[in-house]
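Take a look at this one chain, the form predicted alone, written out in C-alpha cells.
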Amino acid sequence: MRLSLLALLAKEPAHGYELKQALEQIFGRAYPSPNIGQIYVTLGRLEKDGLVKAVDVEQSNRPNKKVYYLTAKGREALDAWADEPTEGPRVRDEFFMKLVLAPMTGIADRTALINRQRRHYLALMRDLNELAERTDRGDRVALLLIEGAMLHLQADLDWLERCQEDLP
C-alpha cells in the first residue's frame, strides 16, 4: 500500500479519503477496497519516514483535514520502485512444501492435498468469473487485473496436474 499511496501523491496532494476513493475508482471491483484506517496508518508511517509531508488545511464547517504531499525523498523511493522489476516466480511455495513434506511425515495424503487445493483454486476462479461478469466492460483496468488473476490461477491448476503426475 505504501508505494501505491506514494504514486497517487506524485500526481497531486490528497487527504486519506481522496486516496481511498482514487484507488477504488482506478481499480474498481477487482481490487479489494482499502480500509481507511490502514490508509491513515500507512500515511503516518510515510510521514515519519520523510516520504510525505502533511499539512493541516482549515475547513469552515468541518474539522481541519490533513493533506499529504510527496517529498523529494518520497519521489526517490517512488522512482526506485518504478525502476525495479517486480518479484518473479515463487520458488519457496508454501503449498509445494506442504505437498512434499506432509506425505513424507505422515501428516496428510498427497492426493487429498492436491484435490483440496484444486477445489480452492476452482472456487477462486468461479469468484473471479462472477466478478468479471459484474464489472463494467469499459473498466479496462479492473478487467485486466481480473484476467491476470485468472491466468495465474489457471497456471496453478496446470501445475497441480503436473505435481499429481510426477510426484510419487
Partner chain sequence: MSPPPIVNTVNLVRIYQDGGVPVPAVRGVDLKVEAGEFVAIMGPSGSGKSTLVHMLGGLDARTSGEIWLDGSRVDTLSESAWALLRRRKIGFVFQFFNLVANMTVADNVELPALLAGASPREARERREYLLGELGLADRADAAPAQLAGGEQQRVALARALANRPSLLLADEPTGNLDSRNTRDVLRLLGEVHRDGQTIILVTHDARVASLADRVVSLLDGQIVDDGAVGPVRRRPRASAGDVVELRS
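Rigid core here is just the name for the largest C-alpha set that superposes within 1.5 Å across the two forms. These numbers were taken from a predicted model, which means no experiment stands behind them. Positions refer to the first chain, counted from 1.
The same protein also has a form predicted together with its partner chain, omitted here; what follows describes it.
Enquirer: Checking a candidate spot here: are R29, A123 and E147 all in contact with its partner chain in the predicted complex (at least one heavy atom each within 4.5 Å)?
Expert: Checked in the predicted complex: all three residues contact its partner chain.
Enquirer: Using a 4.5 Å cut on heavy atoms, which of K65, R118, R110, K53 is close to its partner chain in the predicted complex?
Expert: The residue from K65, R118, R110, K53 that makes the contact is R118.
Enquirer: Looking at the partner-bound form in the predicted complex, is L23 within 4.5 Å of its partner chain by any heavy atom?
Expert: So L23 does not count as contacting its partner chain.
Enquirer: Is there a heavy atom of D127 no more than 4.5 Å from a heavy atom of its partner chain in the predicted complex?
Expert: Although its partner chain is absent here, D127 would touch it in the predicted complex, with heavy atoms inside 4.5 Å.
Enquirer: According to a 4.5 angstroms non-hydrogen atom cut-off, is E18 in contact with its partner chain in the predicted complex?
Expert: No.
Enquirer: Does the 4.5 Å heavy atom contact test between L153 and its partner chain in the predicted complex come out positive?
Expert: Yes, L153 sits close enough to its partner chain in the predicted complex that at least one of its heavy atoms falls within 4.5 Å.
Enquirer: Picking from 133-141, 40-48, 55-63, 100-108, which part of the chain touches its partner chain in the predicted complex when contact means heavy atoms within 4.5 Å?
Expert: Checking each option against the 4.5 Å cut-off leaves 133-141.
Enquirer: Core-aligned, does A123 move its Cα 2 Å or more between the shown form and the other one?
Expert: Yes, the C-alpha moves 2 Å or more.
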